[in-house]
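Given as structure tokens, the chain that follows is alone and in the form predicted on its own.
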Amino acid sequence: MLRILDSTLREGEQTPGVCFDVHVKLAIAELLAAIGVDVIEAGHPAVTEEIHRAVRVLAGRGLAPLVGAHARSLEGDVEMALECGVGFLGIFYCVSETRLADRATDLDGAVARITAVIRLAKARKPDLVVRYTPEDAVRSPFENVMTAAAAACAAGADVISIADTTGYMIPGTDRSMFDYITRLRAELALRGFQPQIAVHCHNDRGLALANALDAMRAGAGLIDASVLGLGERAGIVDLGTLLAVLASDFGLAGRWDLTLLPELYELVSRYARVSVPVNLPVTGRNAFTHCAGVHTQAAVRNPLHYQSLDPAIVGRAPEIALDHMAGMASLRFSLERIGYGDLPDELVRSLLKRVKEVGESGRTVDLDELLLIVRAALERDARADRVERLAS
């Protein structure tokens, strides 16, 4: 069964300037639990005392998802994470030749360190879910990754996570995540291991979601994501987009309560001080908004003419934007929504002219402003009628 790990509280805090207070982290975690993610990666306790406290608070909250901690392959990091009471522990160590040289060690030394901390964690808490991540796996020698992964499995690791740390993979090329995960699973099976495979895909080339879906198709069972795709550099897979695609296109409708996504994104955006991009799929303000005249005319009749994703799955509805691109159909639709659907065509054409003038200033006319425009026009026409009657 596919599982989702949300890393907003760990990877997300690696976004420059983003740091959540403990009470905010708790509110985010409770929403993530209500949505139905499987693992909440709460942070790296060794980084600061405040993160250490937050991980401990979240782990003790009794949330339905597993609460996880991040750790280097150091006994001190593992001890600190275990002290927090987490149910999931992610251990990482890069096995590329350059990083091994930087650390003045070799593959054997790296494997010895990796396996020692996994055995320590499992000895202290046998039911702990342990994930080993060979950081920057996809740019490391495959045999190094295999050696470390197999040793980690033998030591008790439950999950092997393939990290595309720099967003290097490209679907349909010789850097295909589908091919990589397929090969990894086959090679591990030959050595007698069948761990759950996870993927942590960065978005440097804008392909994080595509690579994550490729990995899933190849048998990966755990996908990392974050709200707003927050994370190092260009971030990782955006949680809302991932869940909507899985629910809509991969037969997983009902697995998550996606109607809570707008509330979650508003919360994270506020305290991360990162705006939700208006064009962000699923959760962006314009994700289900139609603008151009041809689009709106068709969308008013049937939204599916210009939508392939049903906004209802995230508790939203199609919207019509009124600006310089507006046409009679979109204006009539909006007038009906404010109770003025029976205005004569001549007046509606006059209103459309005013709407377009506002739009050319770089603004859109929302329903509140449209009501003001209508009232002003009706008042103007009423005055004109009075003057005409007095003149006659």
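Owing to the predicted nature of the structure, the values given are computational and were not obtained by experimental measurement. Throughout, we count residues from 1 along the sequence that is shown.
Keep in mind that the form predicted together with 3-hydroxy-3-carboxy-adipic acid (HCA) is missing from the display, and what follows is about it.
Residues of just one listed stretch (279-287, 237-245, 195-203, 149-157) have heavy atoms within 4.5 Å of 3-hydroxy-3-carboxy-adipic acid (HCA) in the predicted bound form: 195-203. Between the options Asp310, Glu135, Asp179, Glu319, the residue in contact with 3-hydroxy-3-carboxy-adipic acid (HCA) in the predicted bound form by a heavy atom within 4.5 angstroms is Glu135.
Note on contacts: among Ser226, Ser161, Ser73, Ser140, the single residue with a heavy atom within 4.5 Å of 3-hydroxy-3-carboxy-adipic acid (HCA) in the predicted bound form is Ser161. Among heavy atoms of Lys25, none comes within 4.5 Å of 3-hydroxy-3-carboxy-adipic acid (HCA) in the predicted bound form. Remark: Thr15 does not count among the residues lining 3-hydroxy-3-carboxy-adipic acid (HCA) in the predicted bound form, judged by a heavy atom distance of 4.5 Å or less.
Contact check for Trp256: every heavy atom lies farther than 4.5 Å from 3-hydroxy-3-carboxy-adipic acid (HCA) in the predicted bound form.
Taking the partner from the other structure, 3-hydroxy-3-carboxy-adipic acid (HCA) in the predicted bound form has a heavy atom within 4.5 Å of a heavy atom of Phe92. With contact defined as any non-hydrogen atom lying within 4.5 angstroms of 3-hydroxy-3-carboxy-adipic acid (HCA) in the predicted bound form, the contacting residues in 8-42 are Arg10, Glu11, Gln14, given in sequence order.
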